[in-house]
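Here you get one chain, nothing else, as structure tokens; it is the form predicted alone.
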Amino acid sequence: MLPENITAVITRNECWSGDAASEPYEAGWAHEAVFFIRALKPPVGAAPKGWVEISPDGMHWVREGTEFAMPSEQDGVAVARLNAFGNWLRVATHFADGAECTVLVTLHLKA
């Protein structure tokens, strides 16, 4: 049997500022997950930390523990890898006042 995998675009061309998060994705069938967060335009202000969040229902979120530096330049890419998680996944961050970044977030899942 061939392994199953999928790539999902979960945030496309969104300008993130303040509290920001990707769309949630149901991934309970997967054994591995990799998020790629790419800056589509030059970020404004300091690049914050981002983190992975998990949820039992896609509505109530907790930090999973994985953190990463958000991209600090145009076409910069941040990566977060997971191999133990629940059913729902997303990435989130918090930008300081005046800071922002236009992002493309993809999620790559493998069974």
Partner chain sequence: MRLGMLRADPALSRFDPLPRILSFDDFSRGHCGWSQLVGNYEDSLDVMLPGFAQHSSAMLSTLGHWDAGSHGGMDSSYALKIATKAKPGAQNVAIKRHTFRKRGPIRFEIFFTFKPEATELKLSETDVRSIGFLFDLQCGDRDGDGERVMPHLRFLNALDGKHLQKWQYKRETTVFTAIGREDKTVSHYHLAPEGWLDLPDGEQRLCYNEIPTKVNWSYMRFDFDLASMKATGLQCNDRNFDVSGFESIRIPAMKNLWCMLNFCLFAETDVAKRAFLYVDSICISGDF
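Numbering follows the first chain given and starts at 1. What you are looking at is a predicted structure, and each value in this text was computed from that prediction instead of being measured.
There is another form of this protein, the form predicted in complex with the partner chain, and it is not shown here; the text below is about that form.
The listed set K41, R81, R63, H31 contains one residue whose heavy atoms approach the partner chain in the predicted bound form to within 4.5 Å, identified as K41.
None of the heavy atoms of G45 is located within 4.5 Å of the partner chain in the predicted bound form. The partner chain in the predicted bound form is not approached by D75, whose heavy atoms all lie more than 4.5 angstroms from it. Looking at E23, you'd find a heavy atom of it within 4.5 angstroms of the partner chain in the predicted bound form.
At a distance threshold of 4.5 angstroms between non-hydrogen atoms, F95 is out of contact with the partner chain in the predicted bound form. Shown without its partner, the chain has K41, D57, G58, M59 in segment 41 to 70 as residues with a non-hydrogen atom within 4.5 angstroms of the partner chain in the predicted bound form.
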